[in-house]
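The data below hold one chain only, encoded as structure tokens and taken in the form predicted on its own.
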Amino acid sequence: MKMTKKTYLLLALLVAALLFPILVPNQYYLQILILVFIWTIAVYGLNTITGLTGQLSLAHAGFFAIGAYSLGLLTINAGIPFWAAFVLAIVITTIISFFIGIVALRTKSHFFAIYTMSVGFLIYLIIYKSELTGGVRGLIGIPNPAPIGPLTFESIQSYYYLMLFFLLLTIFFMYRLFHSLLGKTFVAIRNSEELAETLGISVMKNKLLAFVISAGLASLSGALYASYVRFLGPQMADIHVAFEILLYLLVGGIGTLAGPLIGTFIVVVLTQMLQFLEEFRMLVFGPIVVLLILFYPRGIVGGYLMWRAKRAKKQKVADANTTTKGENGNAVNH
């Protein structure tokens, strides 16, 4: 099989990611990348429902929190082994999202966004007020991931590789989804629900499936977050977290495969670089984000794909003109 430039680039990035903890054993940098990996998984979830099917869900932080708290409660209160609780946390969140989606997806456009924002706020209130979740005190003492054979997860390097594994698994899943018939069905619904229905596509069924997949990825991210920080507070379900996830997606490129990873990396790293400004960092960070969205309304990856498509179109026109001139010249000579 012929190796393309894109394949070489992806392999180089994979090797760089695998060697990073060895070449740069700085714990601060590793912590930043771990957070980037965790949040990127959540952004891929939002990209499924918002980027592919065109439904803006603002309940994403709520599903993220359900996944995190489910893992915490199942391991601490119920005493369930870590990996069994990890799987159950995702299952619980997807079941809850299924029933929420049945009602939410009966609304459309901004009504759907408002409804899901209300659901997200309701989840936040339940976590904040409930004694089961620890309320405002939060949940403390979530155990480390249990060893898998000889692999233990106690050092920051082991956490790095664990989060990288789940990120690569998510990217592979999203790649398959983007290039599958199901992914194309989601895009058809995003482009026109009426046209999709005339083609025999069950719009409600597919939107519900996208919603559940989105919530499942959010819960996966939340469970990983809980296992890493080992302390949970109700603020993780707050609406500002949902808007942060949406920001990562908008900066990277909504509806693109690489957008969630690039957007999350840029925003998280930029935020960390401006930490020295303390409360004034938003005065610098805000205008940078505004400029990015103004000049790249489709995100960085979306803008690059548009530029490449225009370039390919111009090249195609130039090649056609060259061929036409050559044929005209041959006709004159004859």
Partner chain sequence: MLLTINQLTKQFGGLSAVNDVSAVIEESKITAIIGPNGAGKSTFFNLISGFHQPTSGRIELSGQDITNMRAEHVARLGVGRTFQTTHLFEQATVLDNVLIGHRLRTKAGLFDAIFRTKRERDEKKKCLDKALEALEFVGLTSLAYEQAHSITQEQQKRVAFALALATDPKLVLLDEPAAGVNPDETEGLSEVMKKMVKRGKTVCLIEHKMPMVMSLADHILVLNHGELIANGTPKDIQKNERVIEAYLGGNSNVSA
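Numbering follows the first chain given and starts at 1. The model shown is predicted, which means the values in this text are computed figures rather than measured ones.
Form predicted in complex with its partner chain: not shown, discussed below.
Which residue among F165, W83, Y175, F99 has a heavy atom within 4.5 angstroms of its partner chain in the model of the complex?
If I apply the 4.5 Å criterion carefully, the residue I get is Y175.
With its partner chain left out of view, choose which of L195, L151, L132, A78 has a non-hydrogen atom within 4.5 angstroms of it in the model of the complex.
None of the others qualify; the residue that does is L195.
Given that the partner is absent here, state which listed stretch (89 to 97, 70 to 78, 215 to 223, 186 to 194) has heavy atoms within 4.5 Å of its partner chain in the model of the complex.
One stretch meets the cut-off, namely 186 to 194.
May I ask you to state whether V203 is within 4.5 Å of its partner chain in the model of the complex, using heavy atom distances?
Yes.
Is A146 part of the interface with its partner chain in the model of the complex - any heavy atom within 4.5 Å?
Contact with its partner chain, no.
Any of the heavy atoms of I262 lying within 4.5 Å of its partner chain in the model of the complex?
No, I262 is distant from the partner.
Could you tell me if A258 has a non-hydrogen atom within 4.5 Å of its partner chain in the model of the complex?
It does not: once its partner chain is placed as it appears in the model of the complex, A258 has no heavy atom within 4.5 Å of it.
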